[in-house]
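This document starts with one chain, in the form predicted alone, laid out as structure tokens.
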């Protein structure tokens, strides 16, 4: 394994409940520290202090703050994948506008807890080859589901559904990420309404 990838690998995968709780406490503390102080000033000492553990205990789980940030990004990805899977395996609305609203709302809600922290995760978190491959798999799966929905829906008029599916996913992902994490963010409900209106006109026009 290359040294840069070893740098962001967690040192200890917990096997006991107490160890897992400690690991989660470190990640939760890190999220608060990075949000409050930024990544550069969010030191492992501050994270350990916020988590209520010694710095030595922290290093039993993570070799450095790069590894912690990468793990936070992995956790965000896992949460988003689980939420999307739950939506896709359940019944979807009849109208394409309502279907698009489901997906836009999913993206918006993923950004609401702490959009500034999420910006840091997406823009600054180190990425291993494994993490990049996972991100790629998630995107490919979402594009595939979106294409299938577009091809099977009677209201859709766009001809190139393969390109349209990629465009829909990229537009939602990039716009929601940028506009909710701005210093003066757009109201989440207004953003959802405008995104749905724009995408509906695109796929039905």
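The structure presented is a predicted model; accordingly, all values stated were derived computationally and were not measured. We call the rigid core the largest set of C-alpha positions that still match within 1.5 Å between the two forms. Residue numbers count along the first chain shown, from 1.
One more form of this protein, predicted together with another copy of the chain, exists but is not displayed; see below.
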Contact check in the predicted bound form: 139, 170 and 184 versus another copy of the chain, with a cutoff of 4.5 Å between any heavy atoms. Do all three pass?
yes
In the predicted bound form, is there a heavy atom of another copy of the chain that lies within 4.5 Å of any heavy atom of residue 76, even though the partner is absent here?
no
Indicate whether residue 46 is a 4.5 Å heavy atom neighbour of another copy of the chain in the predicted bound form.
no
Is the gap between residue 27 and another copy of the chain in the predicted bound form 4.5 Å or less for some heavy atom pair?
no
Partner proximity in the predicted bound form: residue 194 to another copy of the chain, non-hydrogen atom cutoff 4.5 Å:
yes
Considering non-hydrogen atoms and a 4.5 Å limit, which listed residue (98, 129, 123, 113) is close to another copy of the chain in the predicted bound form?
123
Partner contact check in the predicted bound form: of 148-156, 171-179, 59-67, 46-54, the stretch with a heavy atom within 4.5 Å of another copy of the chain is 171-179
Any residue of 32-70 with a heavy atom within 4.5 Å of another copy of the chain in the predicted bound form counts; write them all down in order.
40
Determine whether the C-alpha of residue 35 shifts by 2 Å or more between the shown form and the other one once the rigid core is superposed.
yes
Checking residue 176 here: with the core superposed, does its CA move 2 Å or more between the shown form and the other one?
no
